[in-house]
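Only one chain is included here, represented as structure tokens and corresponding to the form predicted alone.
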């Protein structure tokens, strides 16, 4: 029963979706300010979700695999919710987690983009197939950077694969306070940007080129689940970075303010990046991760060996 509560309510589906919706509003509000607009009301993410879930019709493609098409958003939401639970439990000190949970989290965070690919291919839409192809190339690019960065963090934590141990290893000073930690922060921020499908890495959606690409055939309740997945990941990814580089999060006493500032600060950086950069071509994005971001992480790893 306790495990079900963790998954469905706190810190899982309901909690992560609520905070993610607030962060989505924050992201859109900052974007509006950058563009000298007023921006949406506070409850706009909730309105968008409910409108799709309860009002808009679900249209299923005439061709393709209907069951896979409809199952993909559910699979993506499941992966996002489980990864949120495994990140937030040790982050909030609710549960010590288990040895190797950071590796499990790495794989779980891959479920949403893989589900998007399955749904796009199942729709039998040529533009969705283009989006799926781009998503596959992006995953190949940024996941190598992501796993190398995690390897450097694991080394800094004394070769521990437990998220709780990584948090404990930062009791004497956060990893982001070192030169290597700053390089890892830059690499992980761009990986998060790509995982969230935000500019300059929104190549798989590219509204002006392939009309939302992977999601072109989605509407109604399935699209609402995709929105919900994106809300959860908008919270989970910054929370994960805060855990592995900024010593975790806390919901006790004055520390809660510091935790909120960590997450909102990271989301602010993500928002500013997407509002100050043009969309990259897929070959530019692949070169960016496979060459430059991997180089950043390798340099960070070398600096870590020298205690920097």
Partner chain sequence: MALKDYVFKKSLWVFHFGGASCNNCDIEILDCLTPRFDVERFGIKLVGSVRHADVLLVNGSINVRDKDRLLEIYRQAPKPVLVIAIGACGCTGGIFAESFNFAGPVDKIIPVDAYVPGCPPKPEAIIAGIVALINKKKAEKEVEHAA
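Numbering follows the first chain given and starts at 1. Because the structure is a prediction, the values reported are computed rather than measured.
The following text describes the form predicted together with the partner chain, which does not appear among the structures shown.
Only one segment in the set 252-260, 265-273, 36-44, 238-246 has residues whose heavy atoms sit within 4.5 Å of the partner chain in the model of the complex; it is 36-44. The shortest heavy atom separation between residue 211 and the partner chain in the model of the complex is within 4.5 Å. Taking the partner from the other structure, the partner chain in the model of the complex has a heavy atom within 4.5 Å of a heavy atom of residue 227. Looking at residue 75, you'd find every heavy atom of it more than 4.5 angstroms from the partner chain in the model of the complex. In the model of the complex, the partner chain sits within 4.5 Å of a heavy atom of residue 219. A heavy atom within 4.5 Å of the partner chain in the model of the complex is found for one listed residue only; from 175, 215, 190, 92, this is 215. Taking the partner chain as it sits in the model of the complex, the stretch 41-56 comes within 4.5 angstroms of it through a non-hydrogen atom at 41, 44, 47, 48, 50, 51, 52, 54, 55, 56.
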